[in-house]
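The form predicted alone is given below as one chain in structure tokens.
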């Protein structure tokens, strides 16, 4: 069956289903075939012409199964999309076909008061989860800076960490994901419940090896997070203080460091000092005095901005992680970025890179927990001067011992540690034997 015949047969299969919307308008197909991959000029060049042949919006799990079955029978590629807040083309249909919008599946179906575990459908927005959890004295462990618009399904399928990673590490660390309900691309499709172990293969797999229809995940105790900024005159002073903060006996949700050239361009309440490097932190109330003492001892300028207010304006959390890149690109769209875990000691590595690359490289650091140890991740702003120069910079970072997470590639593996995950490939064999789910994104399948 050729492509056109397959699509016509699929449309016939899905016609007149009351719990499924079919969207064939060109402007809507263009809209739902994109995410925020234009952070990367490399991906923008690769993905700008990608376009779905059809967009569908299921309102029930039964409709999801209908779409899965029709795609399988007719050999039509199927790409899953939640809120589309990703930066790596996770939900872009490389081979056309159907894009399925999961946003109408947004119910919170279970809360376990004895464990704090929550079960929710994939389209449930993180902001709605935060509100619902607060009623039980709980909150999310991890979230991206796009938490207001991102969904829980998109986060587990396409994200890796973010706000909370300083305490809780990354989404693929054991203990975050406790189970999945998925729909397979079998003929006919099956609905399966996966336990904590078997779910891991679908964690951060870009929706390439199963359709997630329900997620069970861990939460933590609700904390009245306080916004803190600390201004430092010298970069090595700021880095040392960042490490001191994260290794203290204080509960923190976020610790970010922005080089002065970034900080001066991102305005925020309470920032009246210019030309200094800035630390941003979310701290538990009983840690404020400790942070102030540590800042004073280091000769830095400490400011307590008050309790975080998630309802209004731009909080500190929305100036960090990929939002830092977003704000800088709003000032000057020639900025792109990298992602890496810095080796210890960090200062010599950053000094070597700055010595060669100068103002074409501006440092943005995030404190994270990696395999139980406090580490520093870098998401530096990089002036775009072509692919060759970008590759030279990445090679320099690797030679200096940094672990790169390349944001300028489309596959799961190459954006991660660069190696094929056999469990992810095996799951695709089991749940998508024809390779129709988000084809082109799982290198191990190819």
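Positions refer to the first chain, counted from 1. No experiment lies behind these values; they were computed from the predicted model shown.
One more form of this protein exists, namely the form predicted together with a small molecule; it is left out here, but the text below deals with it.
Trainee: Counting only non-hydrogen atoms and a 4.5 Å threshold, tell me whether 91, 102 and 150 all contact the small molecule in the predicted bound form.
Mentor: Yes, the whole trio is in contact, each within 4.5 Å by some heavy atom.
Trainee: Let me know the one among 145, 219, 203, 246 whose heavy atoms come within 4.5 Å of the small molecule in the predicted bound form, would you?
Mentor: It is 145.
Trainee: Considering only heavy atoms, tell me if residue 189 and the small molecule come within 4.5 Å of each other in the predicted bound form.
Mentor: No.
Trainee: Please determine whether residue 84 contacts the small molecule in the predicted bound form, using a 4.5 Å cut-off between heavy atoms.
Mentor: Looking in the predicted bound form, residue contacts with the small molecule include residue 84, since a heavy atom lies within 4.5 Å.
Trainee: State yes or no: in the predicted bound form, is some non-hydrogen atom of residue 326 no more than 4.5 angstroms from a non-hydrogen atom of the small molecule?
Mentor: The answer is yes: residue 326 has a heavy atom within 4.5 Å of the small molecule.
Trainee: Determine whether any heavy atom of residue 119 comes within 4.5 Å of a heavy atom of the small molecule in the predicted bound form, and answer yes or no.
Mentor: No, residue 119 stays farther than 4.5 Å from the small molecule in the predicted bound form.
Trainee: Thinking of the small molecule in the predicted bound form, which stretch from 74 to 82, 189 to 197, 293 to 301, 347 to 355 has heavy atoms inside 4.5 Å of it?
Mentor: Of the options given, it is 74 to 82.
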